[in-house]
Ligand SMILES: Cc1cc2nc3c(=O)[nH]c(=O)nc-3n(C[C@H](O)[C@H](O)[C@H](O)COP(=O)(O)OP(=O)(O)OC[C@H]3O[C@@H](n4cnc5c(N)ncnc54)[C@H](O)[C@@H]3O)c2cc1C
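Consider the single chain below, provided in structure tokens and representing the form predicted on its own.
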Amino acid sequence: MSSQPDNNTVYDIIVIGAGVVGPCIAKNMARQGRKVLIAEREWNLPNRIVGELMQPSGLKALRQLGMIKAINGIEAIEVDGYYIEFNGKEVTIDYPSKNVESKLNNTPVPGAIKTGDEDKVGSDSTISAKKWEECPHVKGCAFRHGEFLTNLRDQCLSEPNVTKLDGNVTGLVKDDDQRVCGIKVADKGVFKGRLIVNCDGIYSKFRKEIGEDYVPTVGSYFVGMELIDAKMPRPNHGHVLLGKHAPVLLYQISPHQSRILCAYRSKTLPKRNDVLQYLRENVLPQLPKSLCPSFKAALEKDGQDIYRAMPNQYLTARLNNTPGFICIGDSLNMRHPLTGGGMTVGLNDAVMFCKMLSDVSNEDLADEEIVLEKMIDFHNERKSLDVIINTLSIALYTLFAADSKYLTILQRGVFGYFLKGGLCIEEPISLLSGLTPSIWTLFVNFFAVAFYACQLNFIARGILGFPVALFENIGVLITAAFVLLPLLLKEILS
């Protein structure tokens, strides 16, 4: 890392925000020979309840960025797939084979690999590099967010071409042609750059540069708690618990810590007493017995930090066409965190962004036409993954949080579809893990679920109930269409 930030230097790239995506872009831009300034208001260890489960496609992106070792040394837990429990029944869905991943573009970002092993997982107290590489299936990973982010930042700041700026970015600077050419930092003045890359996250204050109406919608909340020494029904798997309550997610983030995220149906910040009552009366009775002791202990914890609430926001990506200014990560695009796809999309965007700009000279970063042409390509090419992850996250949450008769029938259909095994498991988990970015595969599987739900409903109603089932199934298919198609079209046409 170079020395102090210089107000008189024109940086090639200025990155706003040192979350997950910002350090990845800063490091790789620096390795491509660019002078980079990365600005962050809070460099201390963050404490978040999301960004703790990485899907296989996200780990693939980390390898391409030469930053996969960020999961090492933090007691990260390998994730082999998902365990789903619904009304006392269970199904385990393992991640697909490495053959699925091998069909994708796995080439590293130009300049990312220097020593030759930056794209290899290392060994530590919880991860065996040998077992990781020899495993026939791809893996995900779960960890404490703060430690993972600290590793990313350390890798970024170790680059000689990266300058760290500790300060609150309060505004953007524009030239006479209204092109963004710098940032304003509280108490530290103005810093100029050829291209400003905004990675300031879900609460971005600069995304409105792309459009005044460019704001996310809040559909629900996740209430998160930390469980100590929880006995997991299926170790090394993400858990989705379904029932009368809204969906519950659970995964281990260290040898002794697990994160539980309980969906809460509210579009505004829930009141503390209401949340605690919901957790005790609706969630606790539905949990597997092995989890109840640690869940009760978490509920009986003293103080205000029993739980933390995070909004589940949705934001469809728009074209980055503001001269001199680019949004990447959650400032550009958000989806429901149910499927753990946020870091997957953000890191894959970082890979694509750094690849696309790799052949642009430092001087041409200030050329509006050259950068816009690249951003049009970026906007279109990222959709193959983006559409799948975003649509799947909202659609699955809608089904898993079923609050109507037709959605409940569809919910039973989803679980029954998984119980069939074979392609009924392999294709959905490939979509979920980000390794099959195929809109057609998503479409086919979603409506296969809908028709299978109708079949199960006919069976459940029996011969005498056939007329009722027929009427209900028409409603089921209409509901399925209204769940998927508007989301799909909105993402494709954005």
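Remember, predicted model here, so these are calculated numbers, not experimental data. All residue numbers refer to positions in the sequence shown, first residue = 1.
Absent from the display: the form predicted together with the named molecule. The rest refers to it.
Undergrad: Do N390 and the named molecule come within 4.5 Å of each other in the predicted complex, heavy atoms counted?
TA: Answer no; every heavy atom of N390 is more than 4.5 Å from the named molecule in the predicted complex.
Undergrad: Considering only heavy atoms, tell me if G329 and the named molecule come within 4.5 Å of each other in the predicted complex.
TA: Because a heavy atom of G329 falls inside 4.5 Å of the named molecule in the predicted complex, the answer is yes.
Undergrad: Although the named molecule is absent from this view, report whether L37 comes within 4.5 Å of it in the predicted complex, heavy atoms only.
TA: The answer is no: L37 has no heavy atom within 4.5 Å of the named molecule.
Undergrad: With the cut-off set at 4.5 Å between non-hydrogen atoms, does T344 touch the named molecule in the predicted complex?
TA: Yes.
Undergrad: So, H237, Y397 and L407: all three within 4.5 Å of the named molecule in the predicted complex by heavy atoms, or not?
TA: Checking in the predicted complex: none of H237, Y397 and L407 is within 4.5 Å of the named molecule.
Undergrad: Of 100 to 108, 197 to 205, 294 to 302, 412 to 420, which is the one stretch near the named molecule in the predicted complex, taking non-hydrogen atoms within 4.5 angstroms as near?
TA: Comparing against the named molecule in the predicted complex, the contact stretch is 197 to 205.
Undergrad: Could you tell me which one of L456, I439, V50, A448 places a heavy atom within 4.5 Å of the named molecule in the predicted complex?
TA: Partner contact (heavy atom, 4.5 Å) among the options: V50.
Undergrad: Counting non-hydrogen atoms within 4.5 angstroms of the named molecule in the predicted complex, say which of F222, Y95, F353, Y307 makes the cut.
TA: So the residue touching the named molecule in the predicted complex, by this definition, is F222.
Undergrad: Going by heavy atoms, what in 162 to 183 lies within 4.5 angstroms of the named molecule in the predicted complex?
TA: If the 4.5 Å heavy-atom criterion is applied to the named molecule in the predicted complex, 162 to 183 yields G167, N168, V169.
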